[in-house]
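Structure 1 and structure 2 below are two forms of the same protein chain, each written out on its own as structure tokens.
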Structure 1
Amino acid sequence: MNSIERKNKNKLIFYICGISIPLLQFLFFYVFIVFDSILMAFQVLDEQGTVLGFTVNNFVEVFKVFLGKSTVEKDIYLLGVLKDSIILFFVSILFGSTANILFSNYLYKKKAGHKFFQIVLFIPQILSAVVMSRVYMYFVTQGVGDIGALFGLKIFSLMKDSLSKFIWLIVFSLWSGFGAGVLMYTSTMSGIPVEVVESAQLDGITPFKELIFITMPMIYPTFVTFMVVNVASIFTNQMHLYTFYGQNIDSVGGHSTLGYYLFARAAMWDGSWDKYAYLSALGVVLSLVAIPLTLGTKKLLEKVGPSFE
């Protein structure tokens, strides 16, 4: 008995030692930071970061910025930015997720050229967004003109105004967004029992119906994961705007996303802390919206989703 007790004790000590450092990292660099972020949202800071007092004015400023009536962020209308973030979300769901699933299905079925396409679809994961954005920017502004000239056509830049800019930046997000999604879906699809598929094919199922009635239910948990991540990304997706425009929010024109706004402002580190309290307050407000929305989406999808049985 003594040796068993000693062994269990050693095991416990080893366990505690093993998990302590990662847990400490989590406590300091996640939990503490979340609390500090909430605390900062209520603080008045001077330029050096000294806490001068506590206030709710940062939250008042947040609501003013949403309504376009802030004196601190005069030219920012965050409700419009939120609207654009939601548009991006729906486009990502409608086109991006659909394309991911369709492309993955093509690879899973090992159709013509699947090995080549598998490599190409993974390349956006390998190449930096900086690289892809530079090439893309050339093609949608200047390149279309150069290509049109080959056919005697005069084609002007596709990014004529802020709306067309927004549209083509969404297209970039979709174009450069393949990689991990295709990999995950393809992996999950390869786990579908062959017998189920063969039996359906004997019954004369078409490829499209097979996708809808057999494949989709099988990959539904993975689908739910991606949907939940997409909902959360309403508040974090930068749409690569910083890669394209850096901190020059003016260059973006009339459309941008919440994720870009948050990052661009945080990255504008000019040594003055006073603006960061407002940013933290904005983060708190967005988190209070994002958390129930994300959890609710997950619950809803799990409730209404198909079951394999």
Structure 2
Amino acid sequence: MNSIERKNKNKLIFYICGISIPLLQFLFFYVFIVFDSILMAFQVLDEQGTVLGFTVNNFVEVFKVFLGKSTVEKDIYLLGVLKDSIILFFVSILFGSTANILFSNYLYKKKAGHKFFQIVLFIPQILSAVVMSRVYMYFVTQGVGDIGALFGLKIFSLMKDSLSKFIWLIVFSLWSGFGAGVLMYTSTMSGIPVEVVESAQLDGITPFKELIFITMPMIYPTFVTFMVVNVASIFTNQMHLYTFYGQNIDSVGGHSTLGYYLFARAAMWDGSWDKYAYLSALGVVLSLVAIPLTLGTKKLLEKVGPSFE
């Protein structure tokens, strides 16, 4: 074996060693778990986790829970939970994405106070989510009252009922994810050729038209990525509810998301295994809806979007 063959062999061994660890992680922690979850959706399990047989009754139970006719999940009406998940999605698109782009453009143009806004927007990314949730919860429940008292005003908790609680939790969800979106959009905007912008400015383009006709087409692939991620997370976004309330679903106050419901129910260990078959079936049903919806959204946005060439 000559030196070239030995060198190529050493490269191959190094490559195999390097790729084997992430490949094994992918196989054991994703492929195996997904396959086992799909299989579990068709299983009948006793309280000890022993497989007693196979059935489609788990899927029947899923649709019963959605319609509020389940004998297992008596207090859960998943159509209401689905509605809250869809509301969170549209609010994230209409307000979250719009604010992300506008603030990113503000930072990209280095307007007054852009350094201050960078710090404020990235605080949730720097501090622990648990710390942020505790500070936020104190502020909307007691902090506003303390601030109002300084000015002789009597302000009650901003989360006094289920609707206001849901609204302020959406606000926290949008704020906590704001920094990552702004970082991605700002980074993409920084790649816009300076010559294109300067040429348009010499022609007298306004800042608004520059955003619409130059910036947006240039960052459109990033916008599509965020849209696709938002669609894919409709059934998995837990709106940080587990951080606020843990497994205590009843504390949410009537509003929840499918992501939180799945996470909390799976984490709520009650000594039995039979519930996991139902949760697996629910996950399969949601995946059958989410996969074509996500791929269809991606294809549609790529088809109707502007050209950035």
Partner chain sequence: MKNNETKMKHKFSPFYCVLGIVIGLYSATIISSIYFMFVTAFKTQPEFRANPLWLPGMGRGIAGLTFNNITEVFTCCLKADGIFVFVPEMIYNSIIYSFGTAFFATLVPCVMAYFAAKFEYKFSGLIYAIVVAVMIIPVVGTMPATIRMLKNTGLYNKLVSAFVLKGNFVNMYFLVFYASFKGVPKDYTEAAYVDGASELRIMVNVIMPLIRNAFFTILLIFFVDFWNDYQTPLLYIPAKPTIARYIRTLSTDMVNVYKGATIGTGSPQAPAKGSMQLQMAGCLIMAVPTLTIFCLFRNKLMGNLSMGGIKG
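Whichever C-alpha set is largest while still superposing within 1.5 Å between the two forms counts as the rigid core. One-based numbering along structure 1's sequence throughout. Model, not experiment: these values are computed from the prediction.
Q: Of structures 1 and 2, select the one representing the form predicted alone.
A: The chain shown as structure 2 is the form predicted alone.
Q: Once the core is aligned, does residue 16 move its Cα by at least 2 Å between the two structures?
A: After core superposition, the displacement of the residue 16 C-alpha between the two structures reaches the 2 Å mark, so yes.
Q: Quick check: residue 44 between the two structures - does its CA shift reach 2 Å or more after fitting the rigid core?
A: Comparing the forms between the two structures, which are aligned on their rigid core, residue 44 does not shift its C-alpha by 2 Å or more.
Q: Rigid core aligned, does the Cα position of residue 26 differ by 2 Å or more between the two structures?
A: After core superposition, the displacement of the residue 26 C-alpha between the two structures reaches the 2 Å mark, so yes.
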